[in-house]
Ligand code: IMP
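Next up: just one chain, as structure tokens, the form predicted on its own.
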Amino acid sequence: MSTTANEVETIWREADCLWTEQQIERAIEAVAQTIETDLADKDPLVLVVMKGGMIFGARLVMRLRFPLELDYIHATRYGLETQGAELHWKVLPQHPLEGRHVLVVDDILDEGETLCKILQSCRQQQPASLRCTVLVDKVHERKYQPDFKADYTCLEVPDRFVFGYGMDYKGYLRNADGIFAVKGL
């Protein structure tokens, strides 16, 4: 059964706003300042994970006031579903990672399997350093690797299905100007 515009409108209308646009932008600015301190002199390659990391990646790199190269990757376990499955690579980085300082930018650290596998793939290319940043970390006890944390995290969200600022609900609502939780999920 496909998702309808009416279903999506209802989801958005009934959702709980967890973080407003202003709160998110302040959190991104704070993370950008830390990243700038760590990477400004390293000529980094920033890899944005599509599609979810697109909005966060754009908002973040516009705040990084130093030379960097920008690339993207597309790996997904979700497609248009609300639960993850096997990792599927759609686009690999166009820039070589060997010897580079690499920052991977993603939307959410939920269970973390996708991000861990992306980082594992990047490590195989022997970067000089490898770091990751996420817009949100979902707080729960089901992490793929229990001790894994992103190097830079903007915000935390409760264990609910969230959308907005790049995160989607069945392919929709990435454009929501806040971070929202679906009622009942």
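Numbering starts at 1 and follows the sequence shown. Just so you know, these numbers come straight off a predicted model, no measurement behind them.
This next part talks about the form predicted together with inosinic acid (IMP), which is not shown.
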### Query
Going by a heavy atom distance of 4.5 Å, is K138 a contact of inosinic acid (IMP) in the model of the complex?
yes
### Message
So in the model of the complex, is inosinic acid (IMP) close enough to R160 to count as touching (4.5 Å, heavy atoms)?
### Response
yes
### Query
If you check in the model of the complex, is A15 within 4.5 Å of inosinic acid (IMP), heavy atoms only?
no
#### Entry: inosinic acid (IMP) contact at M167 in the model of the complex, heavy atom, 4.5 Å
yes
### Task
Pull the contact list for 103-138: residues with a heavy atom within 4.5 Å of inosinic acid (IMP) in the model of the complex, in sequence order.
D106, D107, I108, L109, D110, E111, G112, E113, T114, K138
